[in-house]
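The chain that follows stands alone, in the form predicted alone, written as structure tokens.
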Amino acid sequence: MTTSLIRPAQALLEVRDVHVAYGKAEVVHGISMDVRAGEFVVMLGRNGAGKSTLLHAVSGLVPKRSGSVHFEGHDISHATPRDIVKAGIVQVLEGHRVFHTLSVEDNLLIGTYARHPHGDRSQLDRIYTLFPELAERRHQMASRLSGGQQQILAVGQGVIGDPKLLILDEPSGGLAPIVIDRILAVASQLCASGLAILLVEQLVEKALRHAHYGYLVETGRIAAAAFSDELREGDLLQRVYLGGAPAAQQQEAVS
């Protein structure tokens, strides 16, 4: 994706000095980062760097030891996952997590329950337009879908809730390249329509091709923050993924 090297002025999501620990072991060491309105932001780093843990902290799925999270200017640091979804943040978890005993359509409707307790069918046509493969299988049990189709369904379940920020946690896991390209292309399309995207992904080149801005995470800290073109052209990616010089001191990513 070609960037203009200017980030939107409005900060939709603001993460400031967030620390997260499992028991006594701290795995996120004071990360600060932003997602601006209408941005496609990617977080890159090796397995175990703390990326998914940070996402779970933003979504309220794991507690924060310290630090703050603001969304649209409101402090959501201690909000429940349900209230965070209502505020407009939806996370699609890693691993094709759908309800296997329900139909494709019922899985999609579950994605509307946070804002509409009885479900909202008005968004179904929009999802079926984005993902025609789901329209063809709307009455099929989710258990009969392939792994790639289940991941597409999980993304559709996130999108149908009409979020302002969609978080995708490694959607490529175990999938064929054609499915990954399909998911990332739809994410770019949604971003172009105004939805902010925060993606954690191991497929570096594919992720940077779609993203506007990126963060490199190393051992629970931000090693670098830059536009995707700059990250692609620099040597820091190689250092982070293949080892080498230790991460620089964390910087406030508020450019």
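Note that the structure is a prediction, hence the values are computed from the model and not measured. Just count from 1 along the sequence shown to find any residue number.
Omitted here: the form predicted in complex with a small molecule. The next part is about that form.
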Margin query: Looking at 133, 72, 181, 94 here, can you tell me which has any non-hydrogen atom within 4.5 angstroms of the small molecule in the model of the complex?
Written below: 94
Note to self: To verify the annotation, which of these, 27, 190, 226, 203, has a non-hydrogen atom within 4.5 Å of the small molecule in the model of the complex?
What the structure shows: 27
Item checked: the small molecule in the model of the complex: contacting segment from 33-41, 48-56, 63-71, 208-216, heavy atom within 4.5 Å -> 48-56
Check: According to a 4.5 angstroms non-hydrogen atom cut-off, is residue 120 in contact with the small molecule in the model of the complex?
Finding: no
Margin query: Does any part of residue 170 reach within 4.5 Å of the small molecule in the model of the complex? Heavy atoms only, please.
Written below: yes
